[in-house]
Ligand SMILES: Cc1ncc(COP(=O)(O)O)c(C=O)c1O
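Quick heads-up: it's one chain on its own, the form predicted alone, in structure tokens.
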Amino acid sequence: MSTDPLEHLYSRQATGAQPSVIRDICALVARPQMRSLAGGWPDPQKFPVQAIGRISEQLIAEHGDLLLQYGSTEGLLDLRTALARRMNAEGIAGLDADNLVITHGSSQGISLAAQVFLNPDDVLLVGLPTYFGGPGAGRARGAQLVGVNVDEQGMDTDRLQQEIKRLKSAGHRVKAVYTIPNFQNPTGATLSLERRQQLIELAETHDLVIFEDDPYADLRFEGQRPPSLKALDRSGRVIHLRSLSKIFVPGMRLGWAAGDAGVIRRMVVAKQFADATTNTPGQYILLEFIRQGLLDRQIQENTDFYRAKRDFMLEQMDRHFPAEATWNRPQGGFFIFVHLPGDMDAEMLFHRAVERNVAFVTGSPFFVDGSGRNTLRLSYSQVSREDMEIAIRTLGNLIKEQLAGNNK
């Protein structure tokens, strides 16, 4: 029997909400002896503390009345203009301040986009696997979630086309596709140019919206950056979502959404009833950080830093993991995705690893259909090299032990 006296009054949205597995793991990670390969958080070593402190002190002294006041729901005009110019330079032509809204990270952008476009029982197509944010926003709107396989080239657009046709023939309202095109969380995969073009064509043919969640695009270690889906968009169907958490600092909770001006206006209206305005001091600090040329420098330093971490983790995995396990070699981002032999349970491995003070994220929560029980996600972003080496060696030994046990 429940001990919650208000349980019978909760909304369907509240009772149906699923907690993030990352949130649950945070309690484990807080243990001082834990070596965590779990959270995809930036390394505090790369936070520009001194520059932010200097800028903050100057801005408070000279413009404290502006920093500490309410701001507009859309976000600081000069900041939106600066970000629009950066996107124009990336090949997304024709954007200005009216095409952007400043959000509390890309997670709020996903939530607002879902609120604007998704009705109960609409179908939201997502990757198998994919980050929880898109599916979570869809569930909050009562949408049906349908997964489409993700391989080394990103979401399989041939399978996507098949799913769209199957769902529509069954009478479902297929409304949107959620995708992370660059260094996808959790697989690290990047959507190929051919598939990007096909995804745009499918959206136009079947009257769909695309939620392009792109928090890792600037953390490319090698290879040429492909055009974003928004850069390929000719009909205003792409809502492009970005985050400053990985390239600036996560604690200020800054991100932005870009799209057709009409779409952005509706997202702004939705945001008015959510939080009224985004962190005003943070917006001013970020704007000055950009004006002083520090953001581009920060991105380059972060890229070099995380590239070295990726290389080190891959070296350790090559050394300690058995041949039966396979994994990706991402060209950017924070994640390495591991496939264990088909009959091995990553959940069992997780519990044994925690006993040895090693944490990671099992793969199955990233699969909306409940599959992926033999997969796991490793993050190199925050862990030190010393802890990474010990954690990977420990995991490798545990995988070998579990394999030996399964073969008896």
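For clarity, every value in this text was computed on a predicted model and none was experimentally measured. Heads up: residue numbers just count along the shown sequence, starting at 1.
There is another form of the same protein, the form predicted in complex with this ligand; it is not shown, and what comes next is about it.
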Option from 113-121, 176-184, 198-206, 300-308 whose residues, in the predicted complex, bring a heavy atom within 4.5 Å of this ligand: 176-184
Using a 4.5 Å cut on heavy atoms, which of Gly105, Gly188, Gly147, Gly71 is close to this ligand in the predicted complex? Gly105
What is the one choice in Lys230, Arg80, Lys246, Lys271 with a heavy atom within 4.5 Å of this ligand in the predicted complex? Lys246
4.5 angstroms heavy atom contact with this ligand in the predicted complex for Arg225: no
Is it the case that Pro215, even though its partner is missing from this view, gets within 4.5 Å of this ligand in the predicted complex, heavy atoms only? yes
Quick one: does Phe211 come within 4.5 Å of this ligand in the predicted complex, counting heavy atoms only? no
Within a 4.5 Å heavy atom cut-off, is Arg253 in contact with this ligand in the predicted complex? yes
Which residues within 117-154 place at least one heavy atom within 4.5 Å of this ligand in the predicted complex? Tyr131
